[in-house]
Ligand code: ATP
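Okay, so here's just one chain, in C-alpha coordinates, the form predicted on its own.
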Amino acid sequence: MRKYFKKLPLELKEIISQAAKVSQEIQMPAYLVGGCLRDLILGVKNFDLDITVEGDGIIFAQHLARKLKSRLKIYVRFGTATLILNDRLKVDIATTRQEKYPYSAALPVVSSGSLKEDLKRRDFTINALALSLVADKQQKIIDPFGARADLALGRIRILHNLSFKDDPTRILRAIRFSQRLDFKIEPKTLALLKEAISAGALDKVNPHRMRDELILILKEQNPFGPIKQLGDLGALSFISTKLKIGKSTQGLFKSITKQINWFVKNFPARRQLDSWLVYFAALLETFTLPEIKVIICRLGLPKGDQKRVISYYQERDKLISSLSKKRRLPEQIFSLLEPLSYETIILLGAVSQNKNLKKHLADFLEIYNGMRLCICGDDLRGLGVLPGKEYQMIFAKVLAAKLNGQVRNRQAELALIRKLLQANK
(Lines give C-alpha, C1' and ligand atoms only; values in the text may rest on other atoms or scores of the structure.)
Protein backbone atom coordinates (compact mmCIF):
# COMPACT_ATOMS: atom_id res chain seq x y z
CA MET A 1 0.00 0.00 0.00
CA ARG A 2 2.94 2.34 0.40
CA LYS A 3 3.04 2.95 -3.36
CA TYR A 4 -0.59 4.12 -3.22
CA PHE A 5 -0.03 6.41 -0.22
CA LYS A 6 2.87 8.11 -1.99
CA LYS A 7 0.39 9.52 -4.51
CA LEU A 8 -1.78 11.15 -1.85
CA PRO A 9 -1.72 14.93 -1.27
CA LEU A 10 0.21 15.94 1.86
CA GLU A 11 -2.95 17.06 3.67
CA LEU A 12 -4.49 13.58 3.31
CA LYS A 13 -1.28 11.89 4.43
CA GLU A 14 -1.27 14.06 7.54
CA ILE A 15 -4.88 13.14 8.39
CA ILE A 16 -4.17 9.42 8.00
CA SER A 17 -1.01 9.77 10.09
CA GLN A 18 -2.87 11.53 12.91
CA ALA A 19 -5.72 8.99 12.74
CA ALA A 20 -3.18 6.17 13.09
CA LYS A 21 -1.77 7.85 16.20
CA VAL A 22 -5.24 8.17 17.73
CA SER A 23 -5.92 4.50 16.97
CA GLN A 24 -2.80 3.51 18.92
CA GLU A 25 -3.30 5.99 21.75
CA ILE A 26 -6.88 4.98 22.61
CA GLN A 27 -6.47 1.33 21.58
CA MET A 28 -9.24 1.32 18.98
CA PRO A 29 -8.46 -0.45 15.69
CA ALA A 30 -9.31 1.89 12.84
CA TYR A 31 -9.48 1.24 9.11
CA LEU A 32 -9.60 3.19 5.90
CA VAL A 33 -12.64 1.76 4.08
CA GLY A 34 -14.99 2.00 1.15
CA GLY A 35 -14.86 4.42 -1.74
CA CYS A 36 -11.74 6.31 -0.66
CA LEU A 37 -9.74 3.06 -0.55
CA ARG A 38 -11.24 1.96 -3.86
CA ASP A 39 -10.23 5.24 -5.50
CA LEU A 40 -6.78 5.08 -3.91
CA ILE A 41 -6.19 1.73 -5.61
CA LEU A 42 -7.59 3.01 -8.91
CA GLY A 43 -5.54 6.21 -8.75
CA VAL A 44 -8.66 8.40 -8.72
CA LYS A 45 -8.67 11.66 -6.73
CA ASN A 46 -10.95 11.54 -3.70
CA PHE A 47 -10.78 14.09 -0.90
CA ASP A 48 -13.39 12.37 1.29
CA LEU A 49 -11.90 9.87 3.73
CA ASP A 50 -13.98 7.11 5.33
CA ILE A 51 -12.71 5.57 8.56
CA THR A 52 -14.36 2.69 10.40
CA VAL A 53 -13.52 2.04 14.04
CA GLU A 54 -13.82 -1.12 16.12
CA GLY A 55 -14.87 0.42 19.41
CA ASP A 56 -16.59 3.82 19.49
CA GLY A 57 -16.41 5.93 16.36
CA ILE A 58 -17.63 9.07 18.12
CA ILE A 59 -14.92 8.94 20.81
CA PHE A 60 -12.34 8.30 18.10
CA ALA A 61 -13.65 11.27 16.10
CA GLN A 62 -13.47 13.58 19.12
CA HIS A 63 -9.81 12.69 19.70
CA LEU A 64 -8.95 13.12 16.01
CA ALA A 65 -10.80 16.45 15.79
CA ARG A 66 -8.70 17.82 18.65
CA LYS A 67 -5.48 16.75 16.91
CA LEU A 68 -6.52 18.24 13.60
CA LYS A 69 -8.26 21.30 15.11
CA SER A 70 -11.24 20.63 12.88
CA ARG A 71 -14.97 21.16 13.14
CA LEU A 72 -16.93 18.10 14.23
CA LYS A 73 -20.50 16.99 13.58
CA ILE A 74 -21.74 14.07 15.67
CA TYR A 75 -24.68 11.77 14.84
CA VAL A 76 -25.28 9.85 18.06
CA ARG A 77 -28.16 7.77 16.68
CA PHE A 78 -25.92 6.20 14.04
CA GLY A 79 -22.66 6.17 15.99
CA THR A 80 -21.01 8.32 13.32
CA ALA A 81 -19.26 11.67 13.05
CA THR A 82 -17.89 13.96 10.36
CA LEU A 83 -14.76 16.08 10.61
CA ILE A 84 -14.83 19.12 8.34
CA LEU A 85 -11.41 20.57 7.61
CA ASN A 86 -12.17 22.87 4.67
CA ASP A 87 -14.56 23.30 1.76
CA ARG A 88 -13.31 20.27 -0.12
CA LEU A 89 -12.01 17.97 2.60
CA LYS A 90 -13.96 15.96 5.16
CA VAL A 91 -13.52 12.75 7.11
CA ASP A 92 -16.46 10.43 7.89
CA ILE A 93 -15.95 8.21 10.92
CA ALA A 94 -18.23 5.33 11.89
CA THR A 95 -18.33 2.47 14.35
CA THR A 96 -18.20 -0.97 12.71
CA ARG A 97 -21.76 -2.21 12.44
CA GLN A 98 -24.10 -4.66 10.83
CA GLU A 99 -27.45 -3.95 9.21
CA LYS A 100 -30.65 -5.93 8.81
CA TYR A 101 -33.59 -4.98 6.61
CA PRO A 102 -36.98 -5.80 8.16
CA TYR A 103 -38.59 -5.67 4.71
CA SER A 104 -37.75 -4.60 1.15
CA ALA A 105 -36.73 -0.93 0.77
CA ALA A 106 -36.93 -0.32 4.52
CA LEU A 107 -34.31 1.65 6.37
CA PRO A 108 -31.95 -0.87 7.98
CA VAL A 109 -31.89 -1.78 11.65
CA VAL A 110 -28.33 -1.05 12.78
CA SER A 111 -26.40 -2.85 15.52
CA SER A 112 -22.74 -3.20 16.44
CA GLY A 113 -20.74 -5.70 14.44
CA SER A 114 -17.32 -6.89 13.43
CA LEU A 115 -15.22 -5.42 10.63
CA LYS A 116 -16.22 -8.26 8.30
CA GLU A 117 -19.91 -7.69 9.08
CA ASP A 118 -19.40 -3.99 8.42
CA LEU A 119 -17.90 -4.70 5.01
CA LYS A 120 -20.60 -7.25 4.21
CA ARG A 121 -23.38 -4.64 4.60
CA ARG A 122 -21.98 -2.49 1.78
CA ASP A 123 -23.46 -2.11 -1.67
CA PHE A 124 -20.80 -3.60 -3.97
CA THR A 125 -17.63 -5.62 -3.58
CA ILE A 126 -15.48 -2.75 -4.83
CA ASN A 127 -16.60 -0.74 -1.79
CA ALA A 128 -16.09 -3.62 0.67
CA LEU A 129 -12.38 -3.11 1.33
CA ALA A 130 -10.48 -2.09 4.44
CA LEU A 131 -6.93 -1.16 5.39
CA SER A 132 -5.64 -0.84 8.95
CA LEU A 133 -4.43 2.67 9.70
CA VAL A 134 -1.74 1.33 12.03
CA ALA A 135 1.11 0.23 9.81
CA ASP A 136 2.57 -3.21 10.30
CA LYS A 137 5.21 -5.03 8.30
CA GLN A 138 2.82 -5.99 5.50
CA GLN A 139 -0.23 -3.74 5.95
CA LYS A 140 -2.36 -5.93 3.72
CA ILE A 141 -5.70 -4.85 2.34
CA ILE A 142 -8.57 -6.69 4.03
CA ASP A 143 -10.62 -8.05 1.14
CA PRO A 144 -13.05 -10.79 2.19
CA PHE A 145 -15.28 -10.56 -0.90
CA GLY A 146 -12.91 -10.39 -3.86
CA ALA A 147 -13.00 -6.63 -4.36
CA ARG A 148 -9.47 -6.34 -5.74
CA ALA A 149 -10.22 -8.91 -8.41
CA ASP A 150 -13.34 -6.98 -9.41
CA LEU A 151 -11.35 -3.73 -9.51
CA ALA A 152 -8.77 -5.36 -11.77
CA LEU A 153 -11.50 -6.71 -14.06
CA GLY A 154 -13.53 -3.46 -14.04
CA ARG A 155 -16.59 -5.18 -12.64
CA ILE A 156 -19.57 -4.07 -10.48
CA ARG A 157 -20.83 -6.96 -8.33
CA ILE A 158 -23.26 -7.09 -5.43
CA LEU A 159 -22.47 -8.98 -2.24
CA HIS A 160 -25.63 -11.10 -2.03
CA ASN A 161 -28.73 -11.92 -4.08
CA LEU A 162 -31.15 -9.79 -2.03
CA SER A 163 -29.01 -6.65 -2.23
CA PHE A 164 -31.24 -4.71 -4.65
CA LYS A 165 -34.44 -5.78 -2.89
CA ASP A 166 -33.06 -4.81 0.52
CA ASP A 167 -32.03 -1.38 -0.76
CA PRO A 168 -33.32 -0.57 -4.28
CA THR A 169 -31.35 2.71 -4.32
CA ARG A 170 -28.37 0.48 -5.06
CA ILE A 171 -29.81 0.18 -8.58
CA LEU A 172 -29.01 3.86 -9.18
CA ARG A 173 -25.63 3.52 -7.50
CA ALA A 174 -24.71 0.53 -9.66
CA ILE A 175 -25.37 2.54 -12.81
CA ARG A 176 -23.55 5.61 -11.41
CA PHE A 177 -20.40 3.66 -10.51
CA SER A 178 -20.51 1.73 -13.77
CA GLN A 179 -20.60 4.93 -15.83
CA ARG A 180 -18.12 6.88 -13.69
CA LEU A 181 -15.49 4.14 -13.49
CA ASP A 182 -16.23 2.70 -16.96
CA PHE A 183 -16.91 -0.67 -15.29
CA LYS A 184 -19.27 -3.41 -16.48
CA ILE A 185 -22.06 -4.67 -14.27
CA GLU A 186 -21.38 -8.41 -14.07
CA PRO A 187 -24.14 -10.61 -15.62
CA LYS A 188 -25.71 -12.00 -12.44
CA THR A 189 -25.78 -8.57 -10.80
CA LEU A 190 -27.34 -7.06 -13.93
CA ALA A 191 -29.99 -9.79 -14.04
CA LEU A 192 -30.90 -9.20 -10.39
CA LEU A 193 -30.94 -5.43 -11.00
CA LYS A 194 -33.40 -5.80 -13.88
CA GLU A 195 -35.50 -8.25 -11.86
CA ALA A 196 -35.77 -5.75 -8.99
CA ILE A 197 -36.85 -2.98 -11.40
CA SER A 198 -39.48 -5.23 -13.00
CA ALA A 199 -40.80 -6.16 -9.55
CA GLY A 200 -41.34 -2.47 -8.76
CA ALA A 201 -38.68 -2.31 -6.04
CA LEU A 202 -37.97 1.37 -6.71
CA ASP A 203 -41.63 2.27 -6.13
CA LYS A 204 -41.25 1.12 -2.50
CA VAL A 205 -38.49 3.60 -1.70
CA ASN A 206 -39.20 6.92 -0.04
CA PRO A 207 -39.12 9.51 -2.89
CA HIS A 208 -36.75 11.70 -0.87
CA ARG A 209 -34.14 8.93 -0.85
CA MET A 210 -34.56 8.55 -4.61
CA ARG A 211 -34.10 12.31 -4.99
CA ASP A 212 -30.79 12.15 -3.11
CA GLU A 213 -29.50 9.37 -5.37
CA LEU A 214 -30.66 11.28 -8.45
CA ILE A 215 -28.79 14.39 -7.29
CA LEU A 216 -25.58 12.35 -6.93
CA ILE A 217 -26.00 11.15 -10.51
CA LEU A 218 -26.63 14.68 -11.80
CA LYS A 219 -23.44 15.83 -10.03
CA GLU A 220 -21.36 13.39 -12.09
CA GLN A 221 -18.98 14.78 -14.69
CA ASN A 222 -21.09 13.26 -17.47
CA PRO A 223 -24.60 12.87 -16.04
CA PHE A 224 -26.27 11.96 -19.32
CA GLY A 225 -24.59 8.52 -19.46
CA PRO A 226 -26.19 7.14 -16.28
CA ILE A 227 -29.47 9.00 -16.91
CA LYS A 228 -29.74 7.40 -20.36
CA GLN A 229 -28.98 3.93 -18.99
CA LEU A 230 -31.51 4.32 -16.18
CA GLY A 231 -34.09 5.53 -18.67
CA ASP A 232 -33.48 2.51 -20.91
CA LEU A 233 -33.93 0.22 -17.89
CA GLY A 234 -37.19 1.90 -16.88
CA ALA A 235 -35.65 3.06 -13.61
CA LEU A 236 -36.69 6.73 -13.79
CA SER A 237 -40.39 6.18 -13.21
CA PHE A 238 -39.95 7.62 -9.70
CA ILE A 239 -39.64 11.00 -11.46
CA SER A 240 -42.54 10.31 -13.82
CA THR A 241 -43.75 7.40 -15.93
CA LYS A 242 -44.05 9.93 -18.77
CA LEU A 243 -40.33 10.83 -18.70
CA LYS A 244 -38.52 9.87 -21.90
CA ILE A 245 -34.76 10.15 -22.40
CA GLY A 246 -33.84 10.63 -26.04
CA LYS A 247 -31.65 12.58 -28.44
CA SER A 248 -33.24 15.90 -27.48
CA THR A 249 -32.30 15.25 -23.83
CA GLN A 250 -28.76 14.40 -24.87
CA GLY A 251 -28.48 17.57 -26.93
CA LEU A 252 -29.80 19.71 -24.09
CA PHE A 253 -27.40 18.12 -21.58
CA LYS A 254 -24.47 18.81 -23.93
CA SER A 255 -25.56 22.42 -24.29
CA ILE A 256 -25.87 22.78 -20.50
CA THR A 257 -22.38 21.36 -19.99
CA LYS A 258 -21.03 23.88 -22.49
CA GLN A 259 -22.79 26.76 -20.72
CA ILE A 260 -21.59 25.64 -17.30
CA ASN A 261 -17.98 25.39 -18.51
CA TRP A 262 -18.27 28.87 -20.02
CA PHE A 263 -19.62 30.29 -16.75
CA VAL A 264 -16.96 28.64 -14.58
CA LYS A 265 -14.16 29.79 -16.89
CA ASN A 266 -15.33 33.38 -17.23
CA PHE A 267 -16.68 34.01 -13.72
CA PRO A 268 -14.46 32.07 -11.31
CA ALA A 269 -15.19 34.46 -8.43
CA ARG A 270 -18.96 33.89 -8.53
CA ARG A 271 -20.62 31.41 -6.21
CA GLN A 272 -20.42 27.75 -7.15
CA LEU A 273 -23.22 26.64 -9.43
CA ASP A 274 -25.70 23.98 -8.36
CA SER A 275 -25.09 22.27 -11.69
CA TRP A 276 -27.24 19.27 -10.77
CA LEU A 277 -30.27 21.55 -10.53
CA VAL A 278 -29.77 22.78 -14.10
CA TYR A 279 -29.70 19.19 -15.40
CA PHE A 280 -32.68 18.27 -13.22
CA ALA A 281 -34.75 21.17 -14.57
CA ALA A 282 -33.78 20.09 -18.09
CA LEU A 283 -35.25 16.63 -17.46
CA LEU A 284 -38.64 18.29 -16.97
CA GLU A 285 -38.56 20.18 -20.29
CA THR A 286 -41.52 18.28 -21.80
CA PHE A 287 -43.82 18.58 -18.78
CA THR A 288 -46.45 21.22 -18.05
CA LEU A 289 -45.95 23.58 -15.12
CA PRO A 290 -48.66 21.85 -13.00
CA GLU A 291 -46.96 18.48 -13.66
CA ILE A 292 -43.58 19.94 -12.72
CA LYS A 293 -44.95 21.26 -9.43
CA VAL A 294 -46.29 17.81 -8.57
CA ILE A 295 -42.96 16.13 -9.38
CA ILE A 296 -40.76 18.49 -7.36
CA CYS A 297 -43.17 18.42 -4.43
CA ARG A 298 -43.25 14.61 -4.36
CA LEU A 299 -39.45 14.43 -4.51
CA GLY A 300 -39.26 16.94 -1.67
CA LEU A 301 -36.90 19.45 -3.23
CA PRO A 302 -35.96 22.19 -0.75
CA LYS A 303 -38.08 25.33 -1.15
CA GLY A 304 -35.23 27.33 -2.66
CA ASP A 305 -34.61 24.69 -5.33
CA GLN A 306 -38.33 24.43 -6.06
CA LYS A 307 -38.49 28.20 -6.52
CA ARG A 308 -35.61 28.18 -9.02
CA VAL A 309 -37.16 25.41 -11.12
CA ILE A 310 -40.64 26.94 -11.09
CA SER A 311 -39.39 30.47 -11.85
CA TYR A 312 -37.60 29.15 -14.93
CA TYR A 313 -40.68 27.44 -16.33
CA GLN A 314 -42.97 30.33 -15.42
CA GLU A 315 -40.80 32.93 -17.13
CA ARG A 316 -39.01 30.94 -19.83
CA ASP A 317 -41.09 31.81 -22.89
CA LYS A 318 -41.35 35.51 -21.98
CA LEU A 319 -37.62 35.73 -21.26
CA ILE A 320 -36.58 33.99 -24.46
CA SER A 321 -38.92 36.17 -26.54
CA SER A 322 -37.75 39.42 -24.94
CA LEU A 323 -34.03 38.62 -24.81
CA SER A 324 -33.94 37.37 -28.40
CA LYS A 325 -34.50 40.95 -29.61
CA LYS A 326 -31.37 42.78 -30.68
CA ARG A 327 -32.12 46.20 -29.22
CA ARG A 328 -32.47 45.90 -25.46
CA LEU A 329 -31.47 48.66 -23.07
CA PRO A 330 -29.20 47.62 -20.20
CA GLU A 331 -31.94 48.57 -17.72
CA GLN A 332 -34.31 46.18 -19.55
CA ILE A 333 -31.77 43.34 -19.46
CA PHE A 334 -31.15 44.02 -15.77
CA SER A 335 -34.84 44.03 -14.85
CA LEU A 336 -35.37 40.70 -16.64
CA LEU A 337 -32.35 38.83 -15.31
CA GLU A 338 -31.47 40.29 -11.90
CA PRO A 339 -34.30 38.43 -10.10
CA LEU A 340 -33.15 35.09 -11.55
CA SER A 341 -30.66 32.55 -10.21
CA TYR A 342 -27.46 31.72 -12.08
CA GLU A 343 -28.92 28.25 -12.68
CA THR A 344 -31.93 29.74 -14.47
CA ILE A 345 -29.67 31.95 -16.58
CA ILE A 346 -27.46 28.98 -17.51
CA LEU A 347 -30.51 26.99 -18.60
CA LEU A 348 -31.81 29.87 -20.70
CA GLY A 349 -28.47 30.02 -22.49
CA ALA A 350 -28.52 26.27 -23.06
CA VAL A 351 -32.09 26.07 -24.35
CA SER A 352 -31.85 28.97 -26.81
CA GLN A 353 -29.27 29.29 -29.57
CA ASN A 354 -30.31 32.87 -30.35
CA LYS A 355 -27.18 35.05 -30.60
CA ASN A 356 -28.90 38.14 -29.25
CA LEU A 357 -30.06 36.26 -26.15
CA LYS A 358 -26.60 34.85 -25.51
CA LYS A 359 -25.05 38.29 -25.82
CA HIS A 360 -27.57 39.79 -23.40
CA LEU A 361 -26.86 37.00 -20.89
CA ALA A 362 -23.12 37.58 -21.22
CA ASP A 363 -23.50 41.36 -20.86
CA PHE A 364 -25.62 40.91 -17.77
CA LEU A 365 -23.13 38.59 -16.05
CA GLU A 366 -20.09 40.64 -17.08
CA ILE A 367 -21.42 44.17 -16.51
CA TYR A 368 -24.82 44.58 -14.88
CA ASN A 369 -25.15 41.71 -12.40
CA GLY A 370 -25.07 43.05 -8.85
CA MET A 371 -24.74 46.67 -9.93
CA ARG A 372 -25.57 48.94 -7.00
CA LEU A 373 -25.97 52.65 -6.37
CA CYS A 374 -23.46 54.76 -4.46
CA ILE A 375 -26.14 56.87 -2.84
CA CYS A 376 -28.48 55.75 -0.04
CA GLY A 377 -31.49 56.88 1.96
CA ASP A 378 -29.38 59.25 4.07
CA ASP A 379 -28.48 61.15 0.91
CA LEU A 380 -32.16 61.58 0.02
CA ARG A 381 -32.99 62.77 3.52
CA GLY A 382 -30.11 65.22 3.27
CA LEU A 383 -31.73 66.62 0.13
CA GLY A 384 -35.03 67.08 1.96
CA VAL A 385 -36.86 64.01 0.66
CA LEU A 386 -39.14 62.46 3.26
CA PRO A 387 -39.09 58.61 3.52
CA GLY A 388 -41.84 57.00 1.45
CA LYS A 389 -42.71 55.68 -2.01
CA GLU A 390 -40.72 58.50 -3.62
CA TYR A 391 -37.49 56.86 -2.41
CA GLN A 392 -38.14 53.73 -4.47
CA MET A 393 -39.06 55.74 -7.57
CA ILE A 394 -35.89 57.86 -7.33
CA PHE A 395 -33.63 54.86 -6.74
CA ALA A 396 -35.16 53.05 -9.73
CA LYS A 397 -34.58 56.02 -12.05
CA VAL A 398 -31.00 56.54 -10.88
CA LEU A 399 -30.21 52.82 -11.24
CA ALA A 400 -31.67 52.80 -14.76
CA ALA A 401 -29.48 55.78 -15.65
CA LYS A 402 -26.43 54.05 -14.20
CA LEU A 403 -27.12 50.83 -16.12
CA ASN A 404 -27.53 52.80 -19.33
CA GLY A 405 -24.21 54.58 -18.74
CA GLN A 406 -25.71 58.01 -18.06
CA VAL A 407 -24.22 58.29 -14.56
CA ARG A 408 -20.94 56.75 -13.47
CA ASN A 409 -20.16 57.88 -9.92
CA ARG A 410 -21.63 59.22 -6.68
CA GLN A 411 -21.44 62.86 -7.74
CA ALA A 412 -23.32 62.13 -10.97
CA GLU A 413 -25.98 60.17 -9.06
CA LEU A 414 -26.54 63.09 -6.66
CA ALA A 415 -26.69 65.54 -9.58
CA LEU A 416 -29.38 63.43 -11.25
CA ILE A 417 -31.41 63.26 -8.04
CA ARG A 418 -31.31 67.07 -7.72
CA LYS A 419 -32.45 67.32 -11.32
CA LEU A 420 -35.33 64.90 -10.69
CA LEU A 421 -36.40 66.80 -7.57
CA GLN A 422 -36.25 70.12 -9.41
CA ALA A 423 -38.41 68.72 -12.23
CA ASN A 424 -41.06 67.58 -9.72
CA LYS A 425 -41.45 70.99 -8.10
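A residue's number is simply how far along the shown sequence it sits, counting from 1. Please read all numbers here as calculations on a predicted model, not as lab measurements.
The discussion below concerns the form predicted together with adenosine-5'-triphosphate (ATP), not included here.
Asks: Among 24 to 32, 38 to 46, 61 to 69, 354 to 362, mark the stretch whose residues have heavy atoms within 4.5 Å of adenosine-5'-triphosphate (ATP) in the predicted complex.
Replies: In the other structure, the partner sits against 38 to 46.
Asks: Determine whether any heavy atom of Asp167 comes within 4.5 Å of a heavy atom of adenosine-5'-triphosphate (ATP) in the predicted complex, and answer yes or no.
Replies: Answer yes; at least one heavy atom of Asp167 falls within 4.5 Å of adenosine-5'-triphosphate (ATP) in the predicted complex.
Asks: Within a 4.5 Å heavy atom cut-off, is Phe177 in contact with adenosine-5'-triphosphate (ATP) in the predicted complex?
Replies: It does: once adenosine-5'-triphosphate (ATP) is placed as it appears in the predicted complex, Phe177 has a heavy atom within 4.5 Å of it.
Asks: Residue-level contact is defined here as any heavy atom of the residue lying within 4.5 Å of adenosine-5'-triphosphate (ATP) in the predicted complex; does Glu54 satisfy this criterion?
Replies: Heavy-atom contact with adenosine-5'-triphosphate (ATP) at 4.5 Å: absent for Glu54.
Asks: My question is simply whether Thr249 lines the interface with adenosine-5'-triphosphate (ATP) in the predicted complex - judged by any non-hydrogen atom within 4.5 Å.
Replies: Looking in the predicted complex, residue contacts with adenosine-5'-triphosphate (ATP) do not include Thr249, since no heavy atom lies within 4.5 Å.
Asks: Using a 4.5 Å cut on heavy atoms, which of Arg316, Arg121, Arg328, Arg155 is close to adenosine-5'-triphosphate (ATP) in the predicted complex?
Replies: Result of the distance check: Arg121.
Asks: Among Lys228, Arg308, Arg211, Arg173, which has at least one heavy atom within 4.5 Å of adenosine-5'-triphosphate (ATP) in the predicted complex?
Replies: Comparing distances to adenosine-5'-triphosphate (ATP) in the predicted complex, the residue within 4.5 Å is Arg173.
Asks: Relative to adenosine-5'-triphosphate (ATP) in the predicted complex, which residues of 255 to 294 have a heavy atom no more than 4.5 Å away?
Replies: Heavy-atom contacts within 4.5 Å come from no residue here.
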